[in-house]
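As a starting point, one isolated chain is supplied in structure tokens, in the form predicted on its own.
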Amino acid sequence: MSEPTLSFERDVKPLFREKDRASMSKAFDLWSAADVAAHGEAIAGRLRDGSMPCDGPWPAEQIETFTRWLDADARP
């Protein structure tokens, strides 16, 4: 059985906290599917190396959810 399709609104957006959004607001909006998709590879790299978010790395499961969404054409 295939995995359910990930959506930005349901699966990805909730991973970003208000303070994450505020800290990145000068560059792009972490609550915008289009902005996150456009910067997805850079975000994924920062999530993998633990430099984002700035107060501690995400658990591996959250990084995997983000990269799966990105790899699946980053649906809204």
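This one's a predicted model, so the numbers in the text were calculated from it and none came from an experiment. A residue's number is simply how far along the shown sequence it sits, counting from 1.
One more form of this protein should be noted, the form predicted together with a small molecule, which is absent from this view; the next part is about it.
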Taking heavy atoms and a 4.5 Å cut-off, does residue 9 contact the small molecule in the model of the complex?
no
Consider residue 33 of the chain shown here, and say whether it contacts the small molecule in the model of the complex, taking contact as heavy atoms within 4.5 Å.
no
is_contact(residue 46, the small molecule) in the model of the complex, heavy atom dist at most 4.5 Å
yes
Can you check whether residue 67 is within 4.5 Å of the small molecule in the model of the complex, heavy atom basis?
no
